[in-house]
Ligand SMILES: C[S@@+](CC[C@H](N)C(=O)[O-])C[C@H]1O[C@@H](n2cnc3c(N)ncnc32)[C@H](O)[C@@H]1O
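Next up: a single chain in structure tokens, the form predicted alone.
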């Protein structure tokens, strides 16, 4: 027969239960919300909650048909509270690393809470979580990027570096004088060429990012979207971008923040596990570019991958 202390140790011996309790210490959440934060299934969350509930680690609150959970911190017996504080101190020390799973949990938690807060007005209470789908049903979603492109100065020459199948090329073409998509994969470029065949201000070109088939000073705005983590040696890439940009031209990077998903190297061929602001700044400085901004994007609760950032460097 086990004693209470061993039962409590067993409850915290599973890392996912520690992560679960940690987010419930920050916010009261429903099962589906916890699943989105931890990036696991609702049955898995329910199974762990059942064990934590039996050990009186969590408190439940019913709201209509939904059940919300929070950490029973103030109601825990002294021995359980002391054990939790000891475990939490170790976890928070690791959470100082922005690439850790614990840091990512809180980024996703912020995204879940923000999504919930958006439904506070009467209209959104009436429509519930259907507002985005209602708007999409009425208008589609192509208007978002088209509207943003209208904000750009007229006459820009834009290069989508590592354009893949050219999904962005038609959008970029709406607000620029000329657009060129560059990629090294012939199969990708074939699709991109077909997609943009009727757009007179769009061309596609085969080439490597460290040997761009573009003239010096020929581009006003270069875009690298979810590309750089596939490239082993980034120094020559940044140098080439600096070469093809006009004075004052900009490089916009969208990529992953630093993370610890080592399996991506094997399963997806990633050469880098995301990038920090310091890494991007060092690469930019070495090539003669100046990093103007680096900011993480709000976490999408539905997304399964690491967090993203957007950075802007100027020649």
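For clarity, every value in this text was computed on a predicted model and none was experimentally measured. Positions refer to the first chain, counted from 1.
Not on display, but discussed next: the form predicted in complex with the named molecule.
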For this session: Please name which of the stretches 93-101, 218-226, 108-116, 67-75 has residues with heavy atoms lying within 4.5 Å of the named molecule in the predicted bound form.
Result: 218-226
Seminar exercise, completed: the named molecule in the predicted bound form has a heavy atom of only one listed residue within 4.5 Å, and of 158, 163, 245, 202 that residue is 163
Seminar exercise, completed: From 209, 171, 80, 88: within 4.5 Å of the named molecule in the predicted bound form by heavy atoms is 209
Exercise. Is residue 190 close enough to touch the named molecule in the predicted bound form, meaning at least one heavy atom pair within 4.5 Å?
Worked result: no
For this session: Give a yes/no on whether residue 214 approaches the named molecule to within 4.5 Å in the predicted bound form, heavy atoms considered.
Result: no
For this session: Quick one: name the residues from 230-247 with any non-hydrogen atom within 4.5 angstroms of the named molecule in the predicted bound form.
Result: 230, 231
